[in-house]
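Heads up, the chain below is alone and in the form predicted alone; it's given as structure tokens.
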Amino acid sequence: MDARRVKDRLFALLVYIGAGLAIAPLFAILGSLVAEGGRVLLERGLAFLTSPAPYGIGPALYGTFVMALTALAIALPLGFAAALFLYEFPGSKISPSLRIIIQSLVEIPTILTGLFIYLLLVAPLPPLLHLYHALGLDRILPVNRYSGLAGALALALIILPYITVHAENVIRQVPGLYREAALALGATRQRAALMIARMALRGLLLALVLAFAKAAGETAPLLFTAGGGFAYMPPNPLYALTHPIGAVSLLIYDYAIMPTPTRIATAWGAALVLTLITLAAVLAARAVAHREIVIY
């Protein structure tokens, strides 16, 4: 065997070893998660998903879905509108500033986003609080207390730049000939842009699913906003948005550091459930990405 083949195989071996060392901690974490969390799920059964804490995660799971879906409802139209604007008006005076804002939101630590919403809604400064009362906004927005809406707004700010960037990239992948053909046939600029967006629907759905997975797994911004509530089930989503509410990620953070074995076991089970939710979202995103969507 010549020296070149020896070097090639040696380099390939080093690459495999490096890859194995890189993913070994991940498999170790997943193994521990499946072992400990799976034992809790087997012992407590499906009641673990519906019972209140400390023996279940029902209210926390409910709060996670309420806040994540509300965050999507807020961030999706804003991110989609920003992506269309950047696509249609790249030379506008507003576009550079908008890109800087989007990039800044991506780089800002999520805990600072939670702190911003905390200062805006949970514990607003006196001048801002007087403005809320003067405009009557305190009847609509839960001011001066923790709430699910505050947590949803924090999550919306976090996923907004990701939706915008992904949506713009997907829209730009549509061949420009379609846009030119629509304009040549007499379509307005807005109608042509919406037609391009419809053709990029598959990529937009992918961004939606991935944004939900990110929102469901966030913890830091909820520490300052949601307030927590693991022992009672909110009667309806509106109540959950206007009162303190829990989340699976918050429950894991609180219970994992407690000295009681019951709560630590609940944290293991909640961690496994949250991992499965994220995994299901990723698999759904892959299914959407490989499925062809035809729009008539």
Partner chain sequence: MGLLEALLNTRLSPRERLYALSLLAVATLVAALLAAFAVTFFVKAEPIFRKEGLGVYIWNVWRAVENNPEAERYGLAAAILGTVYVAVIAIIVSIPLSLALVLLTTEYLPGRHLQEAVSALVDAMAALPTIVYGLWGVAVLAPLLRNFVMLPLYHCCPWLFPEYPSTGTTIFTAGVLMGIMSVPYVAALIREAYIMVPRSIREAVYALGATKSEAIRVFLGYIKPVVIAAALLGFGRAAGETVAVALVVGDTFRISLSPFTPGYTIAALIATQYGNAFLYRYMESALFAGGLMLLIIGVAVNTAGIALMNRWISRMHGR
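Residue numbers count along the first chain shown, from 1. Each form is matched to the other, and the largest set of C-alpha atoms that superpose within 1.5 Å is called the rigid core. If you're wondering where the values come from, they're calculated on a predicted model, not measured in any experiment.
The same protein also exists as the form predicted in complex with its partner chain; that form is not shown, yet it is the one meant from here on.
- Checked against its partner chain in the model of the complex, the candidates 105, 204, 195, 143 yield a single residue with a heavy atom inside 4.5 Å, and that residue is 105.
- Shown without its partner, this chain lists 181, 135, 73, 98 as candidates; in the model of the complex, only 98 has a non-hydrogen atom within 4.5 angstroms of its partner chain.
- Look at 42 to 50, 226 to 234, 61 to 69, 266 to 274: in the model of the complex, residues with non-hydrogen atoms within 4.5 angstroms of its partner chain sit in 266 to 274.
- When contacts are judged by a 4.5 Å heavy atom cut-off, residue 109 counts as touching its partner chain in the model of the complex.
- Interface residue remark: residue 169 is not counted as part of the site for its partner chain in the model of the complex, having no heavy atom within 4.5 Å.
- At the 4.5 Å threshold, heavy atoms of residue 186 reach its partner chain in the model of the complex.
- The closest non-hydrogen atom of residue 173 lies beyond 4.5 Å of its partner chain in the model of the complex.
- Residues 78, 81, 82, 84, 85 of 63 to 85 are found to place at least one heavy atom within 4.5 Å of its partner chain in the model of the complex.
- Core-superposed comparison between this form and the one not shown: the CA of residue 15 exceeds or equals a 2 Å shift.
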